[in-house]
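Alright, two takes on the same chain below, each alone as structure tokens: structure 1 and structure 2.
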Structure 1
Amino acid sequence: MIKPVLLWSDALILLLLWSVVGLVWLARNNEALRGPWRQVMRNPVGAGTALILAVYVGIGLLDSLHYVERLPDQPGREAQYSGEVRSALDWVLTPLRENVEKTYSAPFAIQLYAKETMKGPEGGEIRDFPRLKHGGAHLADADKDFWPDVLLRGGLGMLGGLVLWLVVFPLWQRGSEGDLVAPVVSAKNKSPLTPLLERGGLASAFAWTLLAILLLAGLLVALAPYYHVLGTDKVGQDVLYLSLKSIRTGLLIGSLTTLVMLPFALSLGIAAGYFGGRIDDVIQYLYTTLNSIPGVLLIAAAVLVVQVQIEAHAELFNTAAARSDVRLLALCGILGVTGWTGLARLLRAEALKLRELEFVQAARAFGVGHGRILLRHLLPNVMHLVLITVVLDFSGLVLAEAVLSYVGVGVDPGMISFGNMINGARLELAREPVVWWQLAAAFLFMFVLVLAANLFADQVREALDPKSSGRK
């Protein structure tokens, strides 16, 4: 029996998701809004990176469905629930989560990283690397069976991925015919796949990215329950599990910060540009003041304060997950409150320009109120700037999380995040042999996410920015 738990961040994610879906729904028939997005999705880079981002977002969403398990009933007492909050992703990754070793082990290792004193085969004590409890535990003769087993399982997994691709892709292709992704299939070709892969461009980029993702997924599904594909960390947790869990934290910081920042940037930036005069002076003063404080220091100061407050009111949070969740939200809030100045300045300049244009002047001459002018005439005309800034900022925020966690003002130390993974592993490079896998995994997962986000952002900017069209 389980009981769903809605953490604050989950609620905000749902809100965000809901509003994105709502916006898409509203914009679906608006050619002016659809055009740029179609341009993004028609571009091979845009389509490929969108797919990668979708996979990350999918993992993050799965990790946002939280629940607690019901403990076995005891007679005469009310139902008790476990204090440990889990997510749907935890459930999917149960074998990974439960295969905990004693300490470090290298990727695909079958032995522990450190030597231990054990009983020898003929009695007596010897010091040797003990076999892992889970990694490769199913192998009877580790030396002989290791490679055949890995190759067989890996091969089968990739085969599964390939089959899935062959099934899914044509179906998906047919389903989306004529819509967002115009298929290049012509009636002459028998197989729908061949022309797609040969012609290059959009469909093939999509297809190849999908193939790569499915192959990788197949490989991991086949191998991860039996081996620690990316090794284990200091307390023996599977690094692949940690990396997958870190994704939610990174995405949250990137998206919720935006959610906090947007109201400030939009209202203050547009108001400053549109009204001018006193209001402009006050708002300019506000953002110059905020800007003049060194960013990291302001964030550090605010996080320190929040930390003290959370510690002082420990009784408000009944689970560790709830506490680290509040701290994460506080971090997003702080990043948002300190980070709106850049966008606000852009919007102010744009509003300053727009308010002199004929359509705004006409609206004013017709006696349209300020509120209506701001909402109906200015806001839609600065949305491209907002979107561009949001996607551009996203990758920076994911990277910032790692740095802030290192400084000690990031997410809760108990929370699984890229920053905490790096922080926990960076001193281990001094060991012999080097413990590199935890660092490598964190950097790799982060790199793929940030690279995809950066490339996607470039495409969005290309499509939305009137200045960049025609320039190559």
Structure 2
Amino acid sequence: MIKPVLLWSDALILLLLWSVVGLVWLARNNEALRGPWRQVMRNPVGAGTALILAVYVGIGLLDSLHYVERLPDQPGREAQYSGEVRSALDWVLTPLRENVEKTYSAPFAIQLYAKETMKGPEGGEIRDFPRLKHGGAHLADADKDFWPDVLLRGGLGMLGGLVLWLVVFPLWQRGSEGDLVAPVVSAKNKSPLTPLLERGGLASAFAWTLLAILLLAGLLVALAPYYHVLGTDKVGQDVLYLSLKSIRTGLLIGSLTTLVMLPFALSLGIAAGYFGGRIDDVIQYLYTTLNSIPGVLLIAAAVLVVQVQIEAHAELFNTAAARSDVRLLALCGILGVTGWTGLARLLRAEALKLRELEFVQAARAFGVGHGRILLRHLLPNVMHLVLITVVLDFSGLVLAEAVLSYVGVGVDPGMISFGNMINGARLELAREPVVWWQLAAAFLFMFVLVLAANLFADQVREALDPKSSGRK
């Protein structure tokens, strides 16, 4: 049996998820809000990158459903639960989580990466590569059966992905007509292979992206339980498991930091541009002073203060996951408090322009209050800048976590993240032979996430920016 556990970050994720659902519900009957997003999703690049981001978000949400397992019952005692907090993703990836080796092994290897002293067949000591406990352990003759087994399992996995695509894509195709985020596809087009025959267009982009994702997923599902597809790290953990677990940390850094940053940037930036005078001078002095402080030093000092407070009140955190979660939230808060200045400066410049336009001057002449003008006239007209900046900053924040964790002032060392993966791999680049796969895996997953976010942000900019030539 299990007992659900709700961490602070889980609660914030659920709040953010419900907020997004509420916004989608409000935009359902509002053409002014629905139109730009429909344009984004009708673009081939927008549809493809949105699907990739949806996969990342799905993995992150699955990793946010935490629980603890019940320990075996003992006579005369109440039910006891384990102190190790796990997630639904851990349950899905149980073979990868439990198949721990002694130390490093290369991708698809069946032996350790370094030689060890072993007993030879004649009883003497020899230096050789020991067999892995789990990777390829099912092979009777590794030399003869390795490639046939990999090709057979990989082929069956990709075939399963192809069959799933042939089932899923026609359902999406027929059910997408008139939808908010899907294109209008002709009802006469009944064949799932038709998008592959098209040269461009949304259906083709979505089809190819979905096919690539399902083929890759099928390949990993077929091979990962039997081989370490991306190798293992220094303590023998599967690198694919670590990479998938790092996604939640990156998404949290990007999304929760934005929630902290937006109130400061919106209120101070618009107020500085609209009111001007001494209010503008004070706000400019505030963010100019904040920008003059080296960001890494300010973040490092704040993180160390938070760490000292956590250690001084260790009784408040009953699990290691709770302590890591609080430090992660503190890092998001610190990055948000120190990162609002750029957006505030941009909003100030836009508010300076908007306050001189006729509709704002007319509202003033009719005696409309400042608060109503700010909410009804200025705020809606700067939201395109806010959304564009937020989506662009998301990728920067994901990279910031990696850099901060690399220098030791990021997330808790016990939390799995891209930065901790890179930090753990950096010293191994100097050894011979080079252990490259942990760094390569972190780079690959971060590269796909950041690239998809940047391309999606570009489509959002074209749809929301009134001056963009792509706006229809």
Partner chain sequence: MLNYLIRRVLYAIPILLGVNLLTFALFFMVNTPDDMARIHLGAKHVTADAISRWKSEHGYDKPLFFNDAATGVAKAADTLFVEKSLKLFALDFGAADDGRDIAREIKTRMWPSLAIALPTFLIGLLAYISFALLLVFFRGTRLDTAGVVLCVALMSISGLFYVIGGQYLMGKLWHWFPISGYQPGLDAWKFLLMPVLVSVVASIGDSSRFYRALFYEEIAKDYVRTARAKGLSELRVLFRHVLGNAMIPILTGVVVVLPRLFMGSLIIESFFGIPGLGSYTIDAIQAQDFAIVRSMVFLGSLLYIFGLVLTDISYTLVDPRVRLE
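Please read all numbers here as calculations on a predicted model, not as lab measurements. Start at 1 and count along the sequence of structure 1; that gives the residue numbers used here. The term rigid core refers to the most C-alpha atoms you can superpose between the two forms while keeping them within 1.5 Å.
> Any idea which of the pair is the form predicted alone?
Structure 2, not 1.
> Please say whether, between structures 1 and 2, the C-alpha of residue 275 moves by 2 Å or more once the core is aligned.
For residue 275, whose C-alpha is compared between structures 1 and 2 after core superposition, the shift is 2 Å or more.
> Residue 245: after superposing the rigid core, is there a C-alpha shift of 2 Å or more between structures 1 and 2?
No, shifts by less than 2 Å.
> Superposing on the rigid core, I want to see if residue 357 changes position between structures 1 and 2 - specifically a Cα shift of 2 Å or more.
Yes, shifts by 2 Å or more.
> Quote the shift of the Cα of residue 371 between structures 1 and 2 to one decimal place in Å, the two forms being superposed on the rigid core.
Comparing the two forms, residue 371 shifts 2.6 Å at C-alpha.
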